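The chain below stands alone and is given as structure tokens, in the form predicted on its own.
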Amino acid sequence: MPRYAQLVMGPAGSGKSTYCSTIVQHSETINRNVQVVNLDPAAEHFDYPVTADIRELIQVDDVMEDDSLRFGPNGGLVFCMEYFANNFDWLEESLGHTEDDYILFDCPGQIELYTHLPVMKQLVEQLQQWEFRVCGVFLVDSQFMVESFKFISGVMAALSAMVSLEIPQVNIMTKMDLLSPKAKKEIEKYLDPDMYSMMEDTSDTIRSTKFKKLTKAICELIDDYSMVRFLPFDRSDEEGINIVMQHIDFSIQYGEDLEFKEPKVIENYQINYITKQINLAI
């Protein structure tokens, strides 16, 4: 049977660990077995159990403290990921192999890992050799995307990962629950954007003719080929979370060959709540 994986990517602070935690909780409610692997050697803590933790293999702090290396935070993280790429056997041993594997890989936030460094591409190829169907999930903080020029920057970051990894990718705007009602209304236009109108929005802030032409070329590329679209993600909205999962499941064809599972036992308090709702409806 095939195995399934999400590569949870995005800039630092975009909500990757929160996304993983939310998906784990959501999956428990729908009786789906989802595991998480931490691939961030600089991670400090997370509120969900992990199947494997790269910090058991190598940590950024240890690399930075090594007098023979003398790396800073970014150089240390790149060194850790390159070391990880040379030790994929550790990951294979940690994962094992069980039926219906569905794993979230919580990845580091350094954008260079998804643009010009080969580490994540090598990971994707290795996972595919292990019969994983892999989907990239690229997160961008919705609070960062409320201005046109910032949105274009976020789109280009997502597009870089998409082109580099060559796998199906679902792009998500996180932290929608933190936006004010006014900001939520404003950000709707960025979920299915009209790039030509955004060119007009940025025309006043870009004074250089050269950069206006560059911005126009980027906007036309995105609009003409519909290469990047975003889904909203509000961790308090179960229906919205379910829509995100449906998009990801469709991209990796999850569920086509799964065996029937017994439904979870409904607790007494849940039965009482359902009965009450039925009576109210009547």
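All residue numbers are counted from 1 along the displayed sequence. None of these values were measured; they are calculated from a predicted model.
Not pictured, yet referred to below: the form predicted together with a small molecule.
Open item on the list: Exactly one residue in 186, 177, 89, 194 has a non-hydrogen atom within 4.5 Å of the small molecule in the model of the complex; which is it?
Closed with: Checked against the cut-off, the match is 177.
Task: Contact residue in the model of the complex, from 32, 235, 216, 247 (heavy atom within 4.5 Å of the small molecule) - done: Selected residue: 235.
- [ ] Spell out, yes or no, whether the shortest heavy atom distance between residue 18 and the small molecule in the model of the complex is within 4.5 Å.
- [x] Yes, contact at 4.5 Å.
Open item on the list: Considering non-hydrogen atoms and a 4.5 Å limit, does the small molecule approach residue 168 in the model of the complex?
Closed with: No, no contact at 4.5 Å.
Task: Stretch from 177-185, 118-126, 160-168, 77-85 whose residues place a heavy atom within 4.5 Å of the small molecule in the model of the complex - done: Correct option: 177-185.
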